[in-house]
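Same chain, two forms, each on its own as structure tokens: structure 1, then structure 2.
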Structure 1
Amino acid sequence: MLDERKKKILQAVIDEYINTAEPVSSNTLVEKYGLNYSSATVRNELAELEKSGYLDKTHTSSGRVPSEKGYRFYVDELIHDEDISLEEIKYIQNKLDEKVNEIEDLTKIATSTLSEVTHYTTVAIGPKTDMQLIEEIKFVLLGQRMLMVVIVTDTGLVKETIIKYDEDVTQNQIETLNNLFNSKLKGKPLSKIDKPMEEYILSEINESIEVIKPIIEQINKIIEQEEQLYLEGAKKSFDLPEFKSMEVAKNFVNLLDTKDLMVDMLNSGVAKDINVYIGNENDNEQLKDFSVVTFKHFAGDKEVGTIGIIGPKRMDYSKVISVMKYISNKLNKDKDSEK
């Protein structure tokens, strides 16, 4: 365990390195951070921190840079999670108070807001379809031969599709469809309509198979759609010093192009917590040069999305975690107040 002096010096080193991206010397710490220790004492403590694995020494400079162990201690023990200004709070409030009709819209707004405030790349996914319950299925006649099917879930997810027919569809048929599908599917998991359910619906309704079969096929298609992945602020990362390395930049682009990896990254983590993964703490080798910070948001007890930041290990963790906590609390508080 580090004593108070080592903690202060480690925090100063990491704060300085986050701000400048330059190796940190003992003189810099004494001059800029008001440490009440001599340069010799600071040098000795830096050497001890390096020996303990919290700092690394670069080959091109006498200064030190944080190691992954140092960043982990910093995140767990040293940062303040109130690093957010009143101006930023007001901006976030205004953005999240926008009226939205679907939970996907709220996730997208929260994702873009997080990127705008932190200046990092943000990624997000909406709710998993297989964990939601059908609240309502609504059939709307758009014309004599055009039908819109709308599925609403208990989390506010809305899925819709339009079906065109070669023959006229009547309003009586629409009412029959609404009654039958809702009586059989309301409260059921949002998952594929299996064969027994399909056969039951076909046997119960006195309408032509030509009307029913396209409906079941389209419902299955929209339910089986891949999870929506949102991405904001990717260009911002290339302004950071780390991305001057062609290898890091190429790896980052490949990451963003690999949807399965992004989804897996967001689906990991503990519910209702801010999750921080630094470098090799990430399960996937492709993420070893980066840090990932994620949180999940909820409608009541239902998980409706996961939002994350991916950036360099030299991330401003204090700012990122503070903004994430505020957005997470606001999303969950607003959802709870709607119940």
Structure 2
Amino acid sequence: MLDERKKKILQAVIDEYINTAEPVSSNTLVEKYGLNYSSATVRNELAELEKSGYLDKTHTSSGRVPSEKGYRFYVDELIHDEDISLEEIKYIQNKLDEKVNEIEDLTKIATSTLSEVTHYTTVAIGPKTDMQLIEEIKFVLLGQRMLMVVIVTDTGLVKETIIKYDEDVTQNQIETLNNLFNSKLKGKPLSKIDKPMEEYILSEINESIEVIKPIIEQINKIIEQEEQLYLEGAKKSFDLPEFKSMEVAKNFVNLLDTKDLMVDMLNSGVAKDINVYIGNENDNEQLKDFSVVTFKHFAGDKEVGTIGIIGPKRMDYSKVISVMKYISNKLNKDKDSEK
């Protein structure tokens, strides 16, 4: 294990590198971080830290740069918790206390707040719809030929869609639909509206196929479309020094644009934790030059969203994790106390 002095030096190197994005020299460490040793001594220590794999060099005579092992150690052992100011807390509180009628809006607000406070790019997805139970399906007639279907789930998620018909729809038909769908689907998971169920409903009912078919189609569309991705603060990343190469910038934009990748990334986290993936720790090859930090938020014991930060490996983990912890707690606590 690393002795205290090595830890202190490692921490200083990483802190400095996170700040400046420049390789850190022994001199800088002595001057800026008040180490009571000469640069030569520090150099010896740096050489050993490099040998044990916590640091790297960009070339023989350059300063030191943290390795992924270094970042990992930093995140696990060295991080200064509670790196969040009073103003930031106030700001977050203010944002999250806004009256919100739909959970999805809460996820959205949390996502943008997180980006604003950390200055990194954030992504989020809503709850996985297929896990949720149908609490109510409601059919509403709008005008003569427009039907709105509203589905409410047990977590309070509300999804709606509209269907237009070429012929008038009667109030009677609406009643029939309400009864049929509710009696068959209430309490079932959203994913239940699958092929067998579809056929069953079609066989069960007297209404003409032309009325029912588009309804089931649209409902399926809602369920499939589940993975709505929220993205916030993408442009902030362009100001980071690692993005001065067009190469990296383009790569990043492509990443964000690859929905599947983002969704996988968000889904890979463990439920009750803040998950940190540094560079190659990410499942996906394409994320090897980035770090990702994610968490899931809950309503009671149901997941209602996953929010993540994607940024350079040289991320301000301390701030990111502190802010995330705070937001995470606040989201979960508020939800709990509402019950």
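Bear in mind that the values here come from a model prediction, so they are computed numbers and not experimental data. All residue numbers here refer to structure 1's sequence, counted from 1. In this text, the rigid core denotes the largest set of C-alpha atoms whose superposition between the two forms falls within 1.5 Å.
- Between the two isolated copies of the chain, the form predicted on its own corresponds to structure 1.
- If you fit the rigid core between structures 1 and 2, you'll see the Cα of residue 258 move by less than 2 angstroms.
- After superposing the rigid core, the C-alpha of residue 239 moves by less than 2 Å between structures 1 and 2.
- A movement of the C-alpha atom of residue 139 reaching 2 angstroms or beyond is seen between structures 1 and 2 when the two forms are aligned on their rigid core.
- Relative to the superposed core, residue 182 moves its CA by 3.2 Å between structures 1 and 2.
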